[in-house]
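So this first bit is one chain, no partners, the form predicted on its own, shown in structure tokens.
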């Protein structure tokens, strides 16, 4: 029994050593230092939540972050309640969901107003992280020109990281991104008739 345990432990140590060598090699190979482009897309829940988690992390390391929210309305926002007093500015389109407004002209105009704020942030070297929440819809609905968005992101300060969230992200944005995560829905409480909850869902 002891010999078996010793053999298992020895095999485990060898596997972990190989893993460590692989991880160390990847760390050593990562020599470039710059801001990155992160895309959080897919039909699953958690894209905005993930983005706000990164904002919280950035603030915890004394970095400057800013949030631009497209589509979202004027209702209570737990993340904003927490982060705004810590110095994170929020710029919100505030028209609500497009299926509520049902007016493409006013939605496009509202998008263009908040996009001007986004462009200022994307050219501000004092900002380390910019979140463009639900930006993918603005491209899909033709409220914002894809080429204009790409140009603004490409011309941002070298150290600045940008997070783009929303479903059905355009392939050009995915191609230019450094990190892409696709959220996949497996189950959602709302589909079972459970109400969205303050502090959990928003």
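Everything numeric in this text was worked out from a predicted model, so none of it was measured. Positions refer to the first chain, counted from 1.
Keep in mind the form predicted together with a small molecule is missing from the figure; the text below concerns it.
Interface residue remark: residue 48 is counted as part of the site for the small molecule in the predicted bound form, having a heavy atom within 4.5 Å. Within this chain, residue 143 is remote from the site of the small molecule in the predicted bound form, having no heavy atom within 4.5 Å.
Interface membership of residue 167, defined by any non-hydrogen atom within 4.5 Å of the small molecule in the predicted bound form, is confirmed.
Interface membership of residue 157, defined by any non-hydrogen atom within 4.5 Å of the small molecule in the predicted bound form, is ruled out. Residues placing heavy atoms within 4.5 Å of the small molecule in the predicted bound form fall in a single listed stretch, namely 37-45, out of 37-45, 170-178, 55-63, 146-154.
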